[in-house]
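Here's a solo chain for you in structure tokens, the form predicted alone.
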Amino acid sequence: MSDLGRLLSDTVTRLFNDLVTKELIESAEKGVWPDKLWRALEEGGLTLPLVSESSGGAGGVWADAHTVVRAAGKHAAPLPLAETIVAGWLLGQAGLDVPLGPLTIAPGHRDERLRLERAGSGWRLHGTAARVPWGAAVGHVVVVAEGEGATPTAGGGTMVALVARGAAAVTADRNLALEPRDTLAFDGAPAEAAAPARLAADAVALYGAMVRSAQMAGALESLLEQSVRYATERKQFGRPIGNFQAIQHNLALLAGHVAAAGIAAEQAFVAADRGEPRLPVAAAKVRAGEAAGLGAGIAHQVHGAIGFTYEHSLHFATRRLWSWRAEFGSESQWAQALGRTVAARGAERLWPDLTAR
């Protein structure tokens, strides 16, 4: 880990330990924006780790951002920190200014089509984006869309656009974790847009899946810590339940899933810095999604009935795991993409691809 990564890790851990309380998360689930937490993160330079220092960011790389995103997942931070990090990076790739305040990204589902249309010297955005994280709460939305009415060299092709949230009609919704997932309808919304030199058309889905894999790795770490703590405190037949072999076996399985998901997510961020994230991101989203399902089951088994109550903190992690595994592509979708890519490269490339990572 770099010096910046260690600094970011220490800062974000301290802030989350101090500010992300059970009461704060419950309040956010009722629709209250955690303004104090956001201001603390912004003042600590944690919201734009990938933006250059000259533009007001920390000037870091994806490996540095990994520590921030994973900590956000571990602490169930109820705000769009991961989305802001990806949005800031996309704007930087396009050479667009990054505004202050929380940002979000439009996922771009298969049945949706966002398009940018030339309007004089500017652009206007058309289309509908569903299940946008905190779509109604942020100041701006970042989208990747096709620019119409111009050639890629003159401005067009795959473009990154910044749109004010107020320019869209909002239909509010939430996921299982009670995080806002709103539908935004754009009907000629004014947009700042530019075409990066090199950016995949599915960049939002790709990097969205990457940050979700890290968030899930963090949430799984929280599951393990809570389960081990409960197993040492809860007594049955005169001794802690952690002394029973069946419980020990399940906790060992959970620890294995936590380690596997964590290293897969971390390697995806490292690969993003090399400019070749597609295969590692697919593997990370698949592994984290699998671990989310199995790990949540083990944690609830260890906790017994108490883990299903709203009063216990376990559900903050498990409900997010169940929600995040389906966002920016489920593990089955990414497994299919991974399989198609490996098959297209040919059998002779499989072993070198595996050993090179």
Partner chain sequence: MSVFHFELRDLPPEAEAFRDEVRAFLRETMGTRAPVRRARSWGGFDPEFSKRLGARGWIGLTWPKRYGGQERSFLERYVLLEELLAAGAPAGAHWVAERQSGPLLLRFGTEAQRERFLPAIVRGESYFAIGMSEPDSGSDLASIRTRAMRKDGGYVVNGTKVWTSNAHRSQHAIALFRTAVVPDKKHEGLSQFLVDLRSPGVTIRPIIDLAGSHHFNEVVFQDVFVPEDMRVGGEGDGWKQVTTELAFERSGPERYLSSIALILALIDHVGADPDPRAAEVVGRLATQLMTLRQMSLSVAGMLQAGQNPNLEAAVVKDVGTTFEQSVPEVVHALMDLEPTIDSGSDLQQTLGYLVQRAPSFSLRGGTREVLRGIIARGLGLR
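Positions refer to the first chain, counted from 1. Note that the coordinates shown come from a computational prediction; the quantities given were computed from them, not determined experimentally.
Keep in mind the form predicted together with its partner chain is missing from the figure; the text below concerns it.
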In the model of the complex, do Glu221, Leu279 and Ala335 all put a heavy atom within 4.5 Å of its partner chain? yes
Ala164, Leu251, Leu96, Ala137 - the one with a heavy atom within 4.5 Å of its partner chain in the model of the complex: Leu251
Name the single residue among Ala255, Ala194, Leu199, Ala185 that comes within 4.5 Å of its partner chain in the model of the complex, judging by heavy atoms. Ala255
Though only this chain appears here, would Gly127 touch its partner chain in the model of the complex if you measure heavy atom gaps against 4.5 Å? no
Is there a non-hydrogen atom of Ala172 within 4.5 angstroms of a non-hydrogen atom of its partner chain in the model of the complex? no
If you check in the model of the complex, is Ala259 within 4.5 Å of its partner chain, heavy atoms only? yes
Is there a heavy atom of Ile25 no more than 4.5 Å from a heavy atom of its partner chain in the model of the complex? no
Answer among 227 to 235, 138 to 146, 164 to 172, 86 to 94 for heavy atoms within 4.5 Å of its partner chain in the model of the complex: the stretch 227 to 235
Give, in sequence order, every residue of 318 to 347 that has a heavy atom within 4.5 Å of its partner chain in the model of the complex, or say none if there are no such residues. Glu331, Ser332, Ala335, Gln336, Leu338, Gly339, Arg340, Val342, Ala343, Ala344, Gly346, Ala347
